[in-house]
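Next up: a single chain in C-alpha cells, the form predicted alone.
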C-alpha cells in the first residue's frame, strides 16, 4: 500500500520539500540537469511544484515547463505555487504513460518517483519517446538501505524500516538505474550521490518530518503496535541523535541519432 497524497498527505509533503535539506537537494539536482534558456522540460511526478517554479525561472519566457502528477491535490498546490508563471503547465497523469507527443521535450527530470513505479522498462521507454534526440533525463531516487539512524533497539528498528519499505515497489532502485536507463536506449553520463545528514533532531529537517511520516504509516502494519512505534520514535530521539540517507541521481542522454522506438 502506497502513501496517500490527499489534502493532508500533500500538505505533509509540501512541508518536507520546504526543509533546508530538500532545498539543497533541489539545488544539486538543478546543477546536474543544467536547464537552459528556451528549453522545454518535463517534470515527472512534479508534486507540490517547487522544482517547476525553479525550472521556469531557468528556462525563461522562451521556454516551457510541463508538470505531471497523478495526485489532484498535489496539482492544486503546484498550480497555486506557479500561478504567476505563464510558461508552466500541469497535467494529471502517471509515469508509465506520458500524455505528450514524441520528441516534445529537451529534458525530463523526475525526483522520488520511479521507486513507486511497477513497470520501469515501460516508464523509461516513455521518457525515451518524449525526448528529442540528444535530449537528457535526470532521475533521482533513494536506496533505503542507505539510511543510518542511531537507535538502541536495532531489531525493532529493522522491523519498522521493513514495514516502511513495503509502501515502495522497489526501495533499492538506484543500484539498477544506470543499467535500466542503458537498456532503454540512453547513454549514462553521470551518477551522483546527494547525502542528507541531520546530526541533531530539529523540527524543520528532513529526518524530523520523515520520522513522523514513517511512524504514521507503519503503525498497525507488520505486527507493529502503537506502543511499538511510540517506543521506536522515543528510541530515535534519545541519546546521540544521528540520521543520514543518500539520494542517487543518474543523468543520461538520448543519442542524437536515435530513431523512435516501436
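Residue numbers count along the first chain shown, from 1. Note that the coordinates shown come from a computational prediction; the quantities given were computed from them, not determined experimentally.
Quick note: we don't show the form predicted together with a small molecule, though the next part is all about it.
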**Q.** Among the candidates 131, 160, 139, 74, the residue which, in the predicted bound form, approaches the small molecule to within 4.5 Å (heavy atoms)
**A.** 74
Q | Residue among 82, 147, 90, 113 with a heavy atom within 4.5 Å of the small molecule in the predicted bound form | A | 113
Q) Pick from 59-67, 42-50, 205-213, 230-238: which stretch has non-hydrogen atoms within 4.5 Å of the small molecule in the predicted bound form? A) 42-50
(Q) Is residue 94 near the small molecule? Define near as a heavy atom within 4.5 Å, in the predicted bound form. (A) yes
Q | Non-hydrogen atom contact residue 120 with the small molecule in the predicted bound form at 4.5 angstroms | A | no
Q: Spell out, yes or no, whether the shortest heavy atom distance between residue 17 and the small molecule in the predicted bound form is within 4.5 Å.
A: yes
Q. Is there any non-hydrogen atom of residue 250 lying within 4.5 Å of the small molecule in the predicted bound form?
A. no
